[in-house]
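We begin with a single chain expressed as structure tokens, specifically the form predicted alone.
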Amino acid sequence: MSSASSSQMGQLVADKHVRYILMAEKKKESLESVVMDHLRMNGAYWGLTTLDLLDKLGTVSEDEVVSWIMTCQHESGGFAGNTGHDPHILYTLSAVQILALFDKINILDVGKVSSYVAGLQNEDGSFSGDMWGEIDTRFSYIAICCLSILKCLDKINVEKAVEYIVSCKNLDGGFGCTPGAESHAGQIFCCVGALAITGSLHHVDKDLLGWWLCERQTKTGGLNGRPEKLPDVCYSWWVLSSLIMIDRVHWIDKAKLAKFILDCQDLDNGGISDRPEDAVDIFHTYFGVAGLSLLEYPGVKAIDPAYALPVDVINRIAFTK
């Protein structure tokens, strides 16, 4: 996408999004902050990764963030969504991803964290989210992504993990949260991402899945997560990253998608919403900027479609012993 085409469809108000993220972190007494208290680790990942994609990670205190993250770690090795909450595989990945942003993975007891994640694998190759045992292909992706970043994939049975993911493949080419469950763009990202990281994309019918994914583009240019649903900015990530991983991204209208994302900005106060004119939040701000990154929008750093981290961060990890 050229700079010329970006000027025709509207501009990314990057500085206002940076200010919105920094202000959101300060509003700890707001209703939004209180109801999200238990998943603050996810919010931190969304906000900080957005800042890094906009080349503004230096605007936050690295020491403060890293110190807080370590207060969320449990004796089990896993991380909670906030201090005083229970550990879960979801927050453990977010913690590892944030530390990767700051090049601080070396402060972790990698053996302890990787053992926590590996200990959540079940006999059939699936993964539970925590000690209570909920199973979902999201957790398969999270475990594989987290252990790959930590260079500890050998701690799990990768072959069985892949077999379980493949058992969740449907006749339409998509994937569900468990075997037989409906195809959904979020689950498809998780399954395709896990298969990409493990070098197992040959299990995907790329044309069939590519067709299902490109059918998610609506007349507005935005993408939805399932047939007959409204478009939502977050699927700019889930659908687009999956299309890129299976090399079918040229099957959608990228310029129309970029315009949809840009139309969801709050041009006055910053932030991005799910659809134009709706209220903004950190979640959609991250996925909107990440989607623009995948679309190679000017001024946004490149993001890795499988790891959901900036490409320079993934390269740094890859070249570190």
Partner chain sequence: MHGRKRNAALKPEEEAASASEALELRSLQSQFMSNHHQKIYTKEAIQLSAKLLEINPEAYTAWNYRKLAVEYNLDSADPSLVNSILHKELEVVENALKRNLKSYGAWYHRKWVLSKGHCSSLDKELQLLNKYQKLDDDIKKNLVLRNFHLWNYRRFVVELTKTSEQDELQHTTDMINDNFSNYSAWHNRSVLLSSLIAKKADGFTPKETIRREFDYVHNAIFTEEDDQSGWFYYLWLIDQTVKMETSLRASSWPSDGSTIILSGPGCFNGSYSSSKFTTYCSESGSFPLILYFDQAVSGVSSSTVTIDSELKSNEDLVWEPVPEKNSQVSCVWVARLKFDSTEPVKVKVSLGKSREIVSSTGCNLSTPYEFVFTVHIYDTVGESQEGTVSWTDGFDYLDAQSSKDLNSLMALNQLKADTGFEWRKQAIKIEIEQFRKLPDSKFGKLILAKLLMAEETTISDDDAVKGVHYKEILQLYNDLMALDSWHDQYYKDEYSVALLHKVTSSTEFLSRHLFRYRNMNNIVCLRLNNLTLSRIASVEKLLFVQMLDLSHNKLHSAEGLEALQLLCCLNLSNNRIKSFSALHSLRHLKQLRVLDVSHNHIGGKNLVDTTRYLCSLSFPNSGEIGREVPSKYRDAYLVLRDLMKLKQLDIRGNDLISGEEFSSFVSQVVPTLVWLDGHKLAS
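Numbering follows the first chain given and starts at 1. Please read all numbers here as calculations on a predicted model, not as lab measurements.
Below, we turn to the form predicted in complex with the partner chain, even though it does not appear here.
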Tell me, out of N122, N157, S115, T218, which residue has a non-hydrogen atom within 4.5 angstroms of the partner chain in the predicted bound form. T218
My question is simply whether Y164 lines the interface with the partner chain in the predicted bound form - judged by any non-hydrogen atom within 4.5 Å. no
Test of understanding: in the predicted bound form, would G111 fall inside 4.5 Å of the partner chain by heavy atoms? no
4.5 angstroms heavy atom contact with the partner chain in the predicted bound form for R275: yes
Indicate whether the partner chain has at least one heavy atom within 4.5 Å of a heavy atom of D253 in the predicted bound form. yes
Quick one: which residues from 234-273 get a non-hydrogen atom within 4.5 Å of the partner chain in the predicted bound form? C234, I244, M245, I246, D247, R248, V249, H250, W251, I252, D253, K256, C264, Q265, D266, S273
